[in-house]
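Presented below, as structure tokens, is a lone chain in the form predicted on its own.
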């Protein structure tokens, strides 16, 4: 994503553009492994050695609150994040902690039953499938 487009996205989301936010968001958009905040911090420190882990946590929280990243419920206590804002779902391995994306037509917001709309305002929906991956099963 071009910096000008990112500045516009941040402004539309009510976020001030800073180099630290840019680096954290860039790391998230480039990541395909659904990293933890600590992993994002280690990656961002390559470009910004002075960035603190607290800054990464606060930045991820700000991005999550605005729907720019999502927190993926997993099989561990460590929060994992997803920089892919497109509608998709997750497979979580309870043994190795790996998380993979998948798409499933018929499982989006438009497919939710009427009682969900009556519940309140839904921002997003995802299917979370937990089990043991093929690699951990030795297949």
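Numbering follows the first chain given and starts at 1. Note that the structure is predicted; figures quoted are calculated from it, not measured.
The protein also exists as the form predicted in complex with the DNA; that form is not presented, and the subsequent description refers to it.
Of the candidate stretches 47-55, 106-114, 91-99, 27-35, only 47-55 has residues with heavy atoms within 4.5 Å of the DNA in the predicted bound form. Remark: residue 126 does not count among the residues lining the DNA in the predicted bound form, judged by a heavy atom distance of 4.5 Å or less. The DNA in the predicted bound form is not approached by residue 121, whose heavy atoms all lie more than 4.5 angstroms from it. Although the partner is absent here, residue 84 lies well away from the DNA in the predicted bound form, with no heavy atom inside 4.5 Å. Among residues of the shown chain, residue 79 is one whose heavy atoms approach the DNA to within 4.5 Å in the predicted bound form. In the predicted bound form, the DNA lies within 4.5 angstroms of at least one heavy atom of each of the following residues of 3-23: 14, 15, 16, 17, 18, 20, 21, in sequence order.
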